[in-house]
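One chain comes next, on its own, written as structure tokens: the form predicted on its own.
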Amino acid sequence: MADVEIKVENIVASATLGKSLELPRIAPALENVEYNLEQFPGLVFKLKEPKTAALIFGSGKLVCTGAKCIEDSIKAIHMTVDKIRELDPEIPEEFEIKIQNIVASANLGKVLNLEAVALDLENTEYEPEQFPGLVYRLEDPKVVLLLFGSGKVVCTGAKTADQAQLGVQKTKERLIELYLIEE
């Protein structure tokens, strides 16, 4: 059976700088930044290349979203931290970056009867009045897949692209095993 091709749509990564940040001092010094404490407790700093947004919090935590590959996610965090370090040289050179979530999409290439899938496939939630997709929770890898009648799939919760790939592949294999789609 051929592997299902996945496309990474978004990567969420975080970093902890181990030092609190003075957001009111940092905000005016950065370009492409949104800072409105009444709406959000941090800064939203947008980078053009790689096209990402970094959420910067006073606690010294950063969350980067929007990257399509792990390398770009890490690069965006380092670029953001370098900009902040220009204003606050006490920011440590070493800090941990953690991949929190990878969202990927795929197409099984087959129409799915979601009602039949909901009846036969374990660990599913399907409430078409609430949401048009079926939620399928896998244990290994620990990911959640949204299955749509069109055969399109969204995988979330992966920590690596390989986990997302494996989650989609295992789902396809299980659907074939249960005669819910043909090979």
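Values in this document were obtained by computation on a predicted structure and should not be read as measured data. For every residue, the number given is its place in the sequence shown, counted from 1.
Separately, the form predicted together with the DNA exists; it is not shown, and the next lines address it.
In the predicted complex, none of the heavy atoms of residue 28 sits within 4.5 Å of a heavy atom of the DNA. The DNA is not shown here, but in the predicted complex it comes within 4.5 Å of a heavy atom of residue 150. Within 4.5 Å of any heavy atom of the DNA in the predicted complex lies no heavy atom of residue 50. When contacts are judged by a 4.5 Å heavy atom cut-off, residue 121 does not count as touching the DNA in the predicted complex. Looking at the DNA in the predicted complex, residues 9, 59 and 63 each place a heavy atom within 4.5 Å of it.
Taking the DNA as it sits in the predicted complex, the stretch 93-116 comes within 4.5 angstroms of it through a non-hydrogen atom at 100, 101, 103.
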